[in-house]
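Next up is one chain by itself, shown in structure tokens, the form predicted on its own.
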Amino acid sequence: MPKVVYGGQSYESAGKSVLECLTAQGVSIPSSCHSGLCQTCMMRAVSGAVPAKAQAGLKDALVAQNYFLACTCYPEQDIEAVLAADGLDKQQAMVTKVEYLNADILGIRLKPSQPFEYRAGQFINFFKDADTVRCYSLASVPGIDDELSLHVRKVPGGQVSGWMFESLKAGDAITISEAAGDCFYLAGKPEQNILLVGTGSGLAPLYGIIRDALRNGHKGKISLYHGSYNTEGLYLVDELRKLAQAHANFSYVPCVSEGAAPQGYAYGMVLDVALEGHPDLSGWRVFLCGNPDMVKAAQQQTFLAGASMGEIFADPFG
């Protein structure tokens, strides 16, 4: 009889779903519809095979990370599971470089103390101390970059970002979590067109995703739109332009929304500029990162422009 392992305890499944098995033992698992629709009961398998039915309706990126719906998962072999938001291990890392990417965004490079598995575009938790933690998306790419790379925007009054800008330096030992999140490039559709829209430090995951897609030989169009109020708020402009020159299928449009746009820049809100350039997104994959208001509006508008909800990946942050 297959067993369900959760929280260090082992339970006989007895033909029940993972959700039924755990709740019957008095274990509290978030749930609602009990029919695989609301996804409230999503969990992640740490070990053991997940039946395909338990992943029906989940994005490919979640399936690739062994997420499943507890209410529709009837184990066929022993399975160890954690809640979707839990199970992130911690490890030590050393800061190897701290540099200003612009006046408000800091580039930080980290060397983990142990082998570190991640996908470009995922995020890690960064611990200032045991009780103060923030999550930051990864701009680095496995197989290209030897170290992890973060882009941190200075938040007025921010406990962690303020500390990073004022005190963090090369040689410092810090604590990070393992990588998580579903905003990353997934191979398998090399001809699919990709639209990426970001603001501010939302460029971090997009920069990783783009380079990862190109590294994997992606052949479809890859169109990046990065926006800020003015040119001073943008960064990696030269690097992205060089990348566009080296790859015919990659295009980069830096956008400014205040004042006159210099030559080589587009004028307007980044989402408006992107949709003007791509009014029909049928069949496209879409990545949206940065300002939460922009991301929320972009999710709706790119869907209305034809993108499937299952192909829209969002990573909102300030």
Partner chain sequence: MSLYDEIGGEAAINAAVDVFYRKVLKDDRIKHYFDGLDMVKQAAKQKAFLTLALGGPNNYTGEDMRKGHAHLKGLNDSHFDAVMENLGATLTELNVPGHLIAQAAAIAESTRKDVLNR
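What you see is a predicted model, and the numbers here were worked out from it, not measured in a lab. Only the largest set of C-alpha atoms that superpose within 1.5 Å between the two forms is called the rigid core. Residue numbers count along the first chain shown, from 1.
Omitted from view is the form predicted in complex with its partner chain, to which the following refers.
At least one heavy atom of residue 307 is located within 4.5 Å of its partner chain in the predicted bound form.
Residue 299 belongs to the set of residues with a heavy atom inside 4.5 Å of its partner chain in the predicted bound form. Once both forms are fitted on their core, a CA shift of 2 Å or more is seen for residue 15 between this form and the one not shown. Here residue 35 counts as shifted, since its C-alpha moves by at least 2 Å between this form and the one not shown after the core is aligned.
When the rigid core is held fixed, the Cα atom of residue 260 travels less than 2 angstroms between this form and the one not shown. The gap between the Cα atoms of residue 308 and residue 52 is larger in the predicted bound form, by no less than 3 Å, than in this form. A change of 3 Å or more separates the two forms for residue 182 and residue 37: their C-alpha atoms lie closer together in the predicted bound form.
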